[in-house]
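In the block that follows, a single chain appears as structure tokens, in the form predicted alone.
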């Protein structure tokens, strides 16, 4: 069987690995803002850049379009979704509804290993802030939140939150790039303290404040106002 035939076999391990690798690469690129909102991307161009066939790129893009991270412009071109006033307001509201809730659910599964892992990631965030490394900050900030959220064992809620993060991640990276990391506030230590103390109210407030800090910066710089409280 040729490699081409392997690619056409939907159950092929090679095909599955290719898809997972490409999807992870595109996902990280969106979260860290490597793809600028509105700038067209082509399936062929992405495939050549990653040195893969167009098929796993096409499949990954289809998934990311379904999540709202990318928009189809033509059959061969996609782009990171633009931020509109309506999209921004809905993202803020949904984040405030879901992320404090999933954090509290994670508290029930919290142990020393999780707290130590969150502390380690937060140290990496502090290091990125000190160095002015916007890419590292963006990726580690995502890692902190999703390490906490995954601990909740709420896969439906997690997928919804993942979709939301893919829609504002590129804009957060733009803001960090414009303002510099010295303007970013690290609210995570309050969340870690609340987890250790099993303090549900304090955890909700820490996550809520973290959301408003980030979304306010996006709103102020891109739309001219802070997020709706």
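Just so you know, these numbers come straight off a predicted model, no measurement behind them. Residue numbers count along the first chain shown, from 1.
Although not depicted, the form predicted together with the DNA is the subject of the following passage.
Can you tell me if residue 68 lies within 4.5 angstroms of the DNA in the predicted bound form, counting non-hydrogen atoms only? It does not: once the DNA is placed as it appears in the predicted bound form, residue 68 has no heavy atom within 4.5 Å of it.
Please check if residue 54 has a heavy atom lying within 4.5 Å of any heavy atom of the DNA in the predicted bound form. Residue 54 belongs to the contact set for the DNA.
Taking 4.5 angstroms as the cut-off for heavy atoms, does residue 42 touch the DNA in the predicted bound form? Heavy-atom contact with the DNA at 4.5 Å: present for residue 42.
I'd like to check something about residue 204: if you look in the predicted bound form, is any of its heavy atoms closer than or equal to 4.5 Å to a heavy atom of the DNA? Result no; residue 204 lies far from the DNA in the predicted bound form.
Partner-proximal stretch of 94 to 102, 111 to 119, 135 to 143, 76 to 84 relative to the DNA in the predicted bound form, 4.5 angstroms, heavy atom: Flagged stretch: 76 to 84.
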